[in-house]
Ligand SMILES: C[S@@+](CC[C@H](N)C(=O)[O-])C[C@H]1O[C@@H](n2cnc3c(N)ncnc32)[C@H](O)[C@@H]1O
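Heads up, the chain below is alone and in the form predicted on its own; it's given as structure tokens.
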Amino acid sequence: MTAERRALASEPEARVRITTEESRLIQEIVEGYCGVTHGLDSGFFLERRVGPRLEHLGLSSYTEYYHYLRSGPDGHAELVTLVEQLTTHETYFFREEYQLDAFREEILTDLVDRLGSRKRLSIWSAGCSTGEEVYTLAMILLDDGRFQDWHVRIVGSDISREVLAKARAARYSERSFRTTPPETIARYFEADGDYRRVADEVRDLCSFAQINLLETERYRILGSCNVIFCRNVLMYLAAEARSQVVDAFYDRLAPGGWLLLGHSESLLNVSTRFELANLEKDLVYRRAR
């Protein structure tokens, strides 16, 4: 029995149950808005995550809730809230270290060689959640030493305003530091009660924006990027949405730019213009020069 099912089984029988058709309708509207489908085929999951919204709005069925999302006076705002409830935001500093090693040792060297005359670097962390990845990249650049006199911009984006507020606050509990070297904590963090706060020299390189990845026209606010990190995001999207996002990533990257996905993700089943780059420590994707 899954954790969701156990939790649901322990709740009062009065909770409204969702039908197969209602599940399909909720999936349809969420996928149309942000492309997310992963996990939404579970009625138990939807009851657990969406049920409290029915109670909050005083609705008696998921069909009523669907129509509220479609045509209610605050339907769009509620859809944003619903996506907050359905999406997963698990992350921490220096996640997937082997890929960060490839970034440090090979990709940054390539960027220095090609962009050294301009000394401008733009990195986008798409689906950044609470911001640990964004600040990790900034710390790597500061440690590297070759970018001290460069104009560096690292932008983190997410569909969730809630997690972006936490990213901007830059205060993290102990669970975010499970793979962070002690010397990095000492250099780049300040004690803040039971939390640690990211140092200003790191924060100065970073900014955050609310972006729904399906709204690809919004990518223009980022300008041209040299590297895009989109790790453990595409796996939650429907196939059509995945292709749309990957195609827009390609257009947003400068020639020779890099795309880094999560360890369980690939573009093998996606029609794409990206080239596969076989680095010593990872397989990543690249826009042709």
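Computed from a predicted model, the values in this text were never measured in an experiment. Sequential numbering from 1, following the sequence displayed.
Here the subject shifts to the form predicted in complex with the ligand, a form of this protein not shown in this document.
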Task: Listed residue that, although the ligand is not shown, lies within 4.5 Å of it in the model of the complex (heavy atoms), from L213, A167, I123, V198 - done: L213
Open item on the list: Under a 4.5 angstroms heavy atom criterion, identify the one residue in R187, H89, H76, K119 near the ligand in the model of the complex.
Closed with: H89
TODO: Would you check, heavy atoms only and a 4.5 Å threshold, whether R171 touches the ligand in the model of the complex?
DONE: no
Task: Close approach of R231 to the ligand in the model of the complex, 4.5 Å, heavy atom - done: yes
Open item on the list: Can you tell me if R153 lies within 4.5 angstroms of the ligand in the model of the complex, counting non-hydrogen atoms only?
Closed with: no
Task: Non-hydrogen atom contact T136 with the ligand in the model of the complex at 4.5 angstroms - done: no
TODO: Tell me, please, which stretch of 123-131, 140-148, 178-186, 100-108 lies within 4.5 angstroms of the ligand in the model of the complex when heavy atoms are compared?
DONE: 123-131
TODO: May I ask you to list the residues of 30-45 that have any heavy atom within 4.5 angstroms of the ligand in the model of the complex, in sequence order?
DONE: C34, V36
